[in-house]
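Consider the single chain below, provided in structure tokens and representing the form predicted alone.
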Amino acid sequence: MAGKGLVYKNIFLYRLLMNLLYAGNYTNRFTSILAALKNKGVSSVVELCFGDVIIAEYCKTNHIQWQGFDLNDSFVKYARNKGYAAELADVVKKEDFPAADIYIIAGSLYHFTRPELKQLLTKILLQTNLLIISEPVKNISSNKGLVGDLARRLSRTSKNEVSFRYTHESLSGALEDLKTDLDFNFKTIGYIKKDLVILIEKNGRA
């Protein structure tokens, strides 16, 4: 990943930045996700753009099969060294997603705008009935001036990084526009700090 920001080259720097952004409560951003995994009683999880291994650790502890895909070679190497089934892959280009009880994409949906979002959801819903999206909808990197510019530089995942970020309204609106074509319903299951947490279910599931 030539051109990626400094914090994406090292998991410990990444965690440090995330703890700063979440006022020391970085791991709390996963609370609603983990609660949903428990409530749904799933036995297999696929996590796209996984970054950290917090969900993988939960799955291992609870005897849930986890598989992760990420474009960041540093994060994939770290996950593999921990014994997790992590694969280096560009999920935009990847077509052969595995089947799983539930898919998760946390903190990375801003990479997918239309038509990429529709293409991504189409591929995911071919392999699962459930998808959890957790996405920051309040972003320092969206701010103008020095602070926003610094946040964008530190968190850049590639030299071609775009400045687009979802808001609560734009994310909900995008899903509302797609739900009929892709035959799903969605609901908010949490709002933690900066993150909106949404559960997508194929129609007929609930």
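Residue numbers run from 1 along the displayed sequence. Note that the structure is a prediction, hence the values are computed from the model and not measured.
Below, we refer to the form predicted together with a small molecule, which is not included among the displayed structures.
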item	value
The small molecule: the contacting residue among Ile102, Leu121, Val91, Ala86 in the predicted complex [heavy atom, 4.5 Å]	Val91
Partner-proximal stretch of 38 to 46, 22 to 30, 170 to 178, 58 to 66 relative to the small molecule in the predicted complex, 4.5 angstroms, heavy atom	22 to 30
Non-hydrogen atom contact His111 with the small molecule in the predicted complex at 4.5 angstroms	yes
4.5 Å heavy atom contact, Thr128 and the small molecule in the predicted complex	no
Contact test in the predicted complex: Phe184 vs the small molecule, heavy atoms, 4.5 Å	no
4.5 angstroms heavy atom contact with the small molecule in the predicted complex for Gly107	yes
